[in-house]
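A lone chain, given as C-alpha coordinates: the form predicted on its own.
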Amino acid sequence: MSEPAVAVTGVTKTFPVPFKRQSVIAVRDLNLQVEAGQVYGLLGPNGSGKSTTLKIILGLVSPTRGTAEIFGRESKEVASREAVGFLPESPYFYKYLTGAETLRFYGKLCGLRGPKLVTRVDELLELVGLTNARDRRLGGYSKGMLQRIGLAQALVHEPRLVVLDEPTAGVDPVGSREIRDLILDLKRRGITVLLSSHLLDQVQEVCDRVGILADGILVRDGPVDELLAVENRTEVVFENGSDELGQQLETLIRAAGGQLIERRKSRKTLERLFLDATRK
(Lines give C-alpha, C1' and ligand atoms only; values in the text may rest on other atoms or scores of the structure.)
Protein backbone atom coordinates (compact mmCIF):
# COMPACT_ATOMS: atom_id res chain seq x y z
CA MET A 1 0.00 0.00 0.00
CA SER A 2 1.39 3.42 -0.98
CA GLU A 3 2.10 6.00 1.68
CA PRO A 4 -0.54 8.71 2.17
CA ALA A 5 -0.02 12.14 0.66
CA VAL A 6 -0.86 13.77 4.01
CA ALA A 7 -0.86 12.19 7.47
CA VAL A 8 -1.75 14.29 10.52
CA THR A 9 -1.42 12.39 13.80
CA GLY A 10 -2.54 13.62 17.22
CA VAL A 11 -2.06 17.29 16.35
CA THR A 12 -3.01 19.95 18.87
CA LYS A 13 -2.21 23.62 18.42
CA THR A 14 -2.63 26.27 21.10
CA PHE A 15 -2.00 29.99 20.74
CA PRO A 16 -1.29 32.21 23.76
CA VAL A 17 -3.52 35.23 24.22
CA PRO A 18 -1.39 38.41 24.43
CA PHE A 19 -1.27 40.06 27.86
CA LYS A 20 -3.37 37.27 29.42
CA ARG A 21 -2.45 34.07 31.23
CA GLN A 22 -4.51 31.88 28.97
CA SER A 23 -4.42 30.31 25.54
CA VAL A 24 -6.74 29.41 22.68
CA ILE A 25 -6.90 25.86 21.34
CA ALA A 26 -7.13 26.15 17.55
CA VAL A 27 -6.87 22.43 16.78
CA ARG A 28 -7.44 19.59 19.23
CA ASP A 29 -6.17 15.97 18.86
CA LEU A 30 -6.52 16.00 15.08
CA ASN A 31 -6.01 12.79 13.10
CA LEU A 32 -6.33 13.21 9.35
CA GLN A 33 -5.17 11.25 6.33
CA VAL A 34 -5.30 12.10 2.63
CA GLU A 35 -4.51 9.28 0.22
CA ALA A 36 -2.42 9.91 -2.87
CA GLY A 37 -4.55 10.84 -5.88
CA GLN A 38 -7.54 11.98 -3.80
CA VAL A 39 -9.33 15.30 -3.77
CA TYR A 40 -9.94 16.01 -0.07
CA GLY A 41 -12.15 18.84 1.14
CA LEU A 42 -11.51 20.39 4.56
CA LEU A 43 -14.63 22.20 5.73
CA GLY A 44 -15.63 24.18 8.77
CA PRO A 45 -17.12 27.49 9.91
CA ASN A 46 -14.92 30.54 10.49
CA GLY A 47 -12.61 29.94 13.44
CA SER A 48 -12.90 26.15 13.25
CA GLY A 49 -9.17 25.60 12.70
CA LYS A 50 -9.06 25.02 8.92
CA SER A 51 -6.37 27.57 8.14
CA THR A 52 -4.28 26.50 11.13
CA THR A 53 -4.50 22.89 9.98
CA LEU A 54 -3.36 23.79 6.46
CA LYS A 55 -0.46 25.86 7.83
CA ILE A 56 0.65 22.96 10.04
CA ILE A 57 0.52 20.58 7.07
CA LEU A 58 2.56 23.06 5.00
CA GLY A 59 5.13 23.50 7.77
CA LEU A 60 4.32 27.19 8.21
CA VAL A 61 3.15 26.66 11.80
CA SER A 62 4.56 24.13 14.28
CA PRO A 63 2.04 22.02 16.22
CA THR A 64 2.05 22.14 20.00
CA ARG A 65 1.73 18.34 19.99
CA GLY A 66 1.59 15.70 17.29
CA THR A 67 3.07 15.38 13.82
CA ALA A 68 2.15 16.18 10.22
CA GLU A 69 3.75 14.37 7.31
CA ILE A 70 3.74 14.85 3.53
CA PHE A 71 4.51 11.67 1.61
CA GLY A 72 6.24 10.24 4.67
CA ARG A 73 8.35 13.31 5.49
CA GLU A 74 7.62 15.52 8.47
CA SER A 75 6.23 18.82 7.26
CA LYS A 76 8.71 20.77 9.39
CA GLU A 77 11.45 19.50 7.04
CA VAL A 78 12.04 21.90 4.17
CA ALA A 79 12.51 18.96 1.80
CA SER A 80 8.88 17.90 2.35
CA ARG A 81 7.69 21.03 0.55
CA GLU A 82 9.40 20.10 -2.70
CA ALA A 83 6.35 17.97 -3.53
CA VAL A 84 3.80 20.67 -2.63
CA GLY A 85 2.15 23.48 -4.56
CA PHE A 86 0.17 26.08 -2.57
CA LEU A 87 -2.44 28.65 -3.48
CA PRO A 88 -3.39 30.84 -0.47
CA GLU A 89 -6.81 32.42 -0.10
CA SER A 90 -5.57 35.89 -1.04
CA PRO A 91 -2.42 35.46 -3.12
CA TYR A 92 -0.27 38.50 -3.86
CA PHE A 93 1.25 38.97 -7.28
CA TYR A 94 3.30 41.73 -8.89
CA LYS A 95 0.59 43.50 -10.88
CA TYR A 96 3.08 45.03 -13.33
CA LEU A 97 4.15 41.57 -14.57
CA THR A 98 2.32 39.76 -17.35
CA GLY A 99 0.90 36.26 -16.90
CA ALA A 100 3.83 34.68 -18.72
CA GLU A 101 6.38 36.76 -16.80
CA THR A 102 4.77 35.75 -13.52
CA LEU A 103 5.09 32.06 -14.30
CA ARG A 104 8.67 32.49 -15.51
CA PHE A 105 9.48 34.26 -12.22
CA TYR A 106 8.06 31.42 -10.11
CA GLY A 107 9.61 28.83 -12.39
CA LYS A 108 13.06 30.31 -11.84
CA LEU A 109 12.46 30.29 -8.08
CA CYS A 110 11.86 26.55 -8.43
CA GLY A 111 15.07 26.03 -10.39
CA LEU A 112 13.70 25.84 -13.94
CA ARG A 113 15.77 27.37 -16.72
CA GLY A 114 16.04 27.58 -20.50
CA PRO A 115 13.80 25.62 -22.89
CA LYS A 116 12.29 23.58 -20.05
CA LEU A 117 11.02 26.75 -18.38
CA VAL A 118 9.63 28.13 -21.67
CA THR A 119 7.80 24.87 -22.36
CA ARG A 120 6.44 24.67 -18.81
CA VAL A 121 5.08 28.23 -18.94
CA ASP A 122 3.31 27.49 -22.24
CA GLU A 123 1.84 24.27 -20.82
CA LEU A 124 0.51 25.96 -17.69
CA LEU A 125 -1.02 28.92 -19.54
CA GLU A 126 -2.86 26.47 -21.78
CA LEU A 127 -3.92 24.34 -18.80
CA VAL A 128 -5.54 27.27 -16.99
CA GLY A 129 -6.96 28.84 -20.14
CA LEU A 130 -4.86 32.01 -20.13
CA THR A 131 -2.85 31.61 -23.33
CA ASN A 132 -4.63 34.57 -24.92
CA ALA A 133 -3.88 36.70 -21.84
CA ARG A 134 -0.23 35.68 -21.47
CA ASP A 135 1.10 39.15 -22.37
CA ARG A 136 -1.49 41.12 -20.38
CA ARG A 137 -0.36 42.66 -17.08
CA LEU A 138 -1.89 41.10 -13.97
CA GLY A 139 -3.26 44.53 -13.02
CA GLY A 140 -5.79 43.99 -15.82
CA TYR A 141 -6.76 40.46 -14.78
CA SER A 142 -10.16 39.67 -13.26
CA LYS A 143 -10.42 37.92 -9.89
CA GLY A 144 -11.06 34.61 -11.62
CA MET A 145 -8.05 35.06 -13.90
CA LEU A 146 -5.84 35.88 -10.91
CA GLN A 147 -6.97 32.71 -9.17
CA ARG A 148 -6.17 30.70 -12.29
CA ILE A 149 -2.70 32.23 -12.64
CA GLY A 150 -2.27 31.46 -8.93
CA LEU A 151 -3.17 27.85 -9.57
CA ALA A 152 -0.69 27.79 -12.46
CA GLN A 153 2.14 29.06 -10.22
CA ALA A 154 1.28 26.38 -7.68
CA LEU A 155 1.80 23.77 -10.41
CA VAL A 156 4.95 25.21 -11.97
CA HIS A 157 7.31 22.66 -10.38
CA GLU A 158 4.98 19.69 -11.06
CA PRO A 159 4.04 18.96 -7.43
CA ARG A 160 2.48 15.71 -6.26
CA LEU A 161 0.24 17.55 -3.77
CA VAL A 162 -1.61 20.84 -4.31
CA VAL A 163 -3.06 22.72 -1.32
CA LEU A 164 -5.78 25.24 -2.15
CA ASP A 165 -7.16 27.61 0.49
CA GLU A 166 -10.54 28.93 -0.68
CA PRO A 167 -9.61 28.70 -4.39
CA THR A 168 -12.91 30.24 -5.56
CA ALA A 169 -13.15 33.06 -2.99
CA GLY A 170 -14.60 36.16 -4.66
CA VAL A 171 -14.86 34.44 -8.05
CA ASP A 172 -18.03 34.67 -10.16
CA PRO A 173 -19.99 31.48 -11.05
CA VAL A 174 -18.26 31.11 -14.44
CA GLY A 175 -14.79 31.46 -12.94
CA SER A 176 -15.76 29.14 -10.11
CA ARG A 177 -16.83 26.49 -12.60
CA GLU A 178 -13.55 26.86 -14.51
CA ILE A 179 -11.53 26.35 -11.32
CA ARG A 180 -13.67 23.33 -10.45
CA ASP A 181 -12.89 21.83 -13.86
CA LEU A 182 -9.18 22.50 -13.30
CA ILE A 183 -9.30 20.64 -9.99
CA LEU A 184 -10.96 17.67 -11.70
CA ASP A 185 -8.25 17.78 -14.37
CA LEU A 186 -5.57 17.65 -11.66
CA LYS A 187 -7.27 14.58 -10.23
CA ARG A 188 -7.23 12.91 -13.65
CA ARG A 189 -3.48 13.60 -13.80
CA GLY A 190 -3.00 11.76 -10.49
CA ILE A 191 -2.22 14.90 -8.46
CA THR A 192 -3.50 14.94 -4.87
CA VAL A 193 -5.57 18.00 -3.98
CA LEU A 194 -6.30 19.25 -0.46
CA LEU A 195 -8.67 22.19 -0.43
CA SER A 196 -10.74 24.25 1.95
CA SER A 197 -13.86 26.01 0.74
CA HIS A 198 -17.15 27.51 1.84
CA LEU A 199 -18.85 26.57 -1.46
CA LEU A 200 -20.31 23.27 -0.35
CA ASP A 201 -21.98 22.38 -3.64
CA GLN A 202 -18.64 22.70 -5.40
CA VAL A 203 -16.89 20.60 -2.78
CA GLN A 204 -19.58 17.96 -3.19
CA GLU A 205 -18.91 17.86 -6.93
CA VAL A 206 -15.11 17.56 -6.88
CA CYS A 207 -14.10 15.87 -3.61
CA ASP A 208 -13.67 12.14 -3.01
CA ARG A 209 -13.52 12.63 0.75
CA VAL A 210 -14.29 15.44 3.18
CA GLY A 211 -13.48 16.29 6.77
CA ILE A 212 -15.50 18.78 8.81
CA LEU A 213 -13.88 20.76 11.62
CA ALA A 214 -15.84 22.44 14.41
CA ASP A 215 -14.14 24.22 17.31
CA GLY A 216 -10.83 22.61 16.34
CA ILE A 217 -12.21 19.06 16.42
CA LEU A 218 -12.71 16.79 13.41
CA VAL A 219 -16.41 15.94 13.77
CA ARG A 220 -16.90 14.15 10.45
CA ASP A 221 -14.50 12.41 8.08
CA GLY A 222 -15.14 9.99 5.24
CA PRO A 223 -16.01 9.44 1.58
CA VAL A 224 -18.55 11.95 0.30
CA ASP A 225 -20.98 9.26 -0.89
CA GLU A 226 -21.00 7.53 2.49
CA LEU A 227 -21.35 10.71 4.51
CA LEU A 228 -24.25 11.94 2.41
CA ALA A 229 -26.10 8.62 2.29
CA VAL A 230 -29.33 8.53 4.30
CA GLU A 231 -29.70 5.32 6.26
CA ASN A 232 -32.76 3.06 6.00
CA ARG A 233 -34.07 4.65 2.83
CA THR A 234 -33.61 3.39 -0.73
CA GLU A 235 -34.47 5.44 -3.79
CA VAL A 236 -35.87 4.04 -7.01
CA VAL A 237 -38.39 6.60 -8.19
CA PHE A 238 -40.84 6.44 -5.31
CA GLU A 239 -40.61 7.58 -1.67
CA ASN A 240 -41.74 6.18 1.70
CA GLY A 241 -41.63 2.64 0.31
CA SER A 242 -40.17 -0.49 1.96
CA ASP A 243 -37.35 -2.67 0.63
CA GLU A 244 -39.95 -5.30 -0.21
CA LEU A 245 -41.83 -2.83 -2.37
CA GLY A 246 -38.60 -1.98 -4.14
CA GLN A 247 -37.93 -5.66 -4.83
CA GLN A 248 -41.47 -6.13 -6.11
CA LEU A 249 -41.11 -3.18 -8.44
CA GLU A 250 -37.76 -4.48 -9.66
CA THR A 251 -39.35 -7.87 -10.39
CA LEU A 252 -42.23 -6.21 -12.23
CA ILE A 253 -39.82 -4.10 -14.28
CA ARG A 254 -37.83 -7.16 -15.31
CA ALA A 255 -40.95 -9.17 -16.06
CA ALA A 256 -42.11 -6.40 -18.37
CA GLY A 257 -38.82 -6.50 -20.24
CA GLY A 258 -37.48 -3.33 -18.72
CA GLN A 259 -34.30 -2.66 -16.74
CA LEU A 260 -33.87 -0.98 -13.38
CA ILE A 261 -31.17 1.63 -13.98
CA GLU A 262 -30.32 2.43 -10.38
CA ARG A 263 -31.15 1.65 -6.77
CA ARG A 264 -29.19 3.69 -4.26
CA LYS A 265 -29.31 5.25 -0.83
CA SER A 266 -31.07 8.60 -0.58
CA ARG A 267 -28.67 11.46 -0.02
CA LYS A 268 -28.74 14.69 1.88
CA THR A 269 -26.75 17.67 0.70
CA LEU A 270 -23.24 18.41 1.92
CA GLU A 271 -24.61 21.70 3.21
CA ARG A 272 -27.09 19.85 5.46
CA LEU A 273 -24.33 17.52 6.70
CA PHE A 274 -22.12 20.54 7.40
CA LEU A 275 -24.82 22.36 9.37
CA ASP A 276 -25.75 19.25 11.34
CA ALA A 277 -22.11 18.51 12.17
CA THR A 278 -21.24 22.02 13.31
CA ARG A 279 -24.43 22.98 15.13
CA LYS A 280 -23.78 23.49 18.85
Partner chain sequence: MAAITANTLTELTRLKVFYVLLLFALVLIGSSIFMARLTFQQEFQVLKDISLGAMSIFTSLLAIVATARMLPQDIEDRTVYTILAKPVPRFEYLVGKLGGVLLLLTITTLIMTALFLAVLSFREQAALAETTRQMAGLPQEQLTEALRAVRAATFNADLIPGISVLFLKACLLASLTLFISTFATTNIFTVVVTVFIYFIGHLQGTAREFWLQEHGGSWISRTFLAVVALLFPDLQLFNLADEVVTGAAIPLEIFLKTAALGCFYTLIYLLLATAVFNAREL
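Here the rigid core means the biggest group of C-alpha atoms that line up within 1.5 Å when the two forms are laid on top of each other. Residue numbers count along the first chain shown, from 1. Quick caveat, the model's predicted, so the values are computed rather than measured.
There is also a form predicted together with its partner chain; it is not shown, and the following applies to it.
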_Under a 4.5 Å heavy atom criterion, is residue 174 part of the interface with its partner chain in the predicted complex?_
no
*Wondering, does residue 89 line up within 4.5 Å of its partner chain in the predicted complex on heavy atoms?*
yes
*Hey, in the predicted complex, is residue 108 touching its partner chain, heavy atoms inside 4.5 Å?*
yes
*Is residue 123 one of the residues lying within 4.5 Å of its partner chain in the predicted complex, judged by heavy atom distances?*
no
*asked:* Can you work out which of 128, 191, 84, 203 has a heavy atom no more than 4.5 Å from its partner chain in the predicted complex?
replied: 84
*asked:* Which residue, 97, 117, 169, 184, is the contact with its partner chain in the predicted complex, using a 4.5 Å heavy atom cutoff?
replied: 97
*Choose from 204-212, 148-156, 176-184, 191-199 the stretch whose residues reach within 4.5 Å of its partner chain in the predicted complex, heavy atoms counted.*
148-156
*asked:* For a quick check, can you give me the residues of 7-38 that have a heavy atom within 4.5 Å of its partner chain in the predicted complex?
replied: 13, 15
*Inspect the rigid-core superposition and answer whether the C-alpha of residue 98 shifts by 2 angstroms or more between the shown form and the other one.*
yes
